[in-house]
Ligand SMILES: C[S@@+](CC[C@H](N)C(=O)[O-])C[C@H]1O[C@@H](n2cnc3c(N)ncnc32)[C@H](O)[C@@H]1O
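Next up: a single chain in structure tokens, the form predicted on its own.
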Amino acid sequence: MQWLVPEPDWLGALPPDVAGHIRTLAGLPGFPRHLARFSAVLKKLDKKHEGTAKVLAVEAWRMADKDPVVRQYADWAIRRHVPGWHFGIINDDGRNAIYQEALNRHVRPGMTVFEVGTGTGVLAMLAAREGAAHVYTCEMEPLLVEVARKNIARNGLTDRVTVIPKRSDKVELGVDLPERADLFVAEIVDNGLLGEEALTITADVQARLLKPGAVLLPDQIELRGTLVGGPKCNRFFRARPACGLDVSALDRLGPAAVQSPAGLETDLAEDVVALRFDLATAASYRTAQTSVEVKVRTDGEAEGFLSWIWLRFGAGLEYTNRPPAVSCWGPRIHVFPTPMPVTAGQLVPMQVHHDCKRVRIWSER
């Protein structure tokens, strides 16, 4: 029972029969492996056991995160909490550099800084290193709270960076955050721009937690795009002849949108701004639909609308993942049901819809 002395809170919160079985397992050699295997069994038994299985997998990982057997059995649960894209983000030098430059330009001594979604803690630490009096950052995932706090301690910044283990909308002024912040920094855009609720979160933070005229980084975000075509982009959503056989009936089951492969040619049409949001205006965002026209440059077949993100960090400092740039944020292709023949000079109307969380783009031609 050495693993469960004293008994942890998570054990008492489990169903009695599960908790009893775990107490039995705790008396066996190699308890973390038994716990990880048991979590996998529970996950397969019934959907209703998945929550309990996830708890057991995470606890097994905490006990023996270097044990290869534990890692194999518990990885599914860890990835549910901390998806693998976290590593791509933190290892993206271009992304890190633009945020570092933005904080260098805008942080002033004595400032209070607030961040949402700290992850590894890097943006909060950069803000502190640039001279902020104190940085308050929130994170709703407990495993990442642990990671951020350890990273902050390793860099000697514990006295100037506070990690609040809450969702941003649960952060309370006067309780978690002692005063309204002078600067808000966040990296809460995704490949499709709005998937991490950047609009809703920013509006809430502005209303409750920022001083009037506070600096926002980024302060403007856009989704830009153009038409794309050709064999390099359609292999993931068009069925080509296979061994001389026509298998194109599969096309009707193709995806509405896919991540863009590398090496796309993007000169079929001119670039357009599909969506623009000025975050500094403290607007109230609602579901909306608009249309944009894309001007074709060369004759060809358009397979879809390629979109990418654009961020502004105050005047003169911008970031984009427009191809051929390599970024942790991948451009997306909004796929047309069938290839669209286009001619130079033609204007192609596109419909752009968002519900503040997801963007959908299509052509009605």
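Sequential numbering from 1, following the sequence displayed. Here the structure is a predicted model, which means the values were calculated and not measured.
Just so you know, the form predicted in complex with this ligand exists too; it's not on screen, but the next bit is about it.
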Partner contact check in the predicted bound form: of 174 to 182, 237 to 245, 284 to 292, 188 to 196, the stretch with a heavy atom within 4.5 Å of this ligand is 188 to 196
This ligand contact in the predicted bound form: Gly117, any heavy atom under 4.5 Å:
yes
Can Ala74 be called a contact residue for this ligand in the predicted bound form at 4.5 Å between heavy atoms?
no
Answer for Trp85 alone: is it within 4.5 Å of this ligand in the predicted bound form, judged on heavy atom distances?
yes
Might Ile78 be said to contact this ligand in the predicted bound form, defining contact as any heavy atom within 4.5 Å?
no
This ligand: the contacting residue among Ser260, Ser168, Thr112, Thr226 in the predicted bound form [heavy atom, 4.5 Å]
Ser168
Selected contact from Glu141, Asp271, Glu265, Asp92, since only one has a non-hydrogen atom within 4.5 angstroms of this ligand in the predicted bound form
Glu141
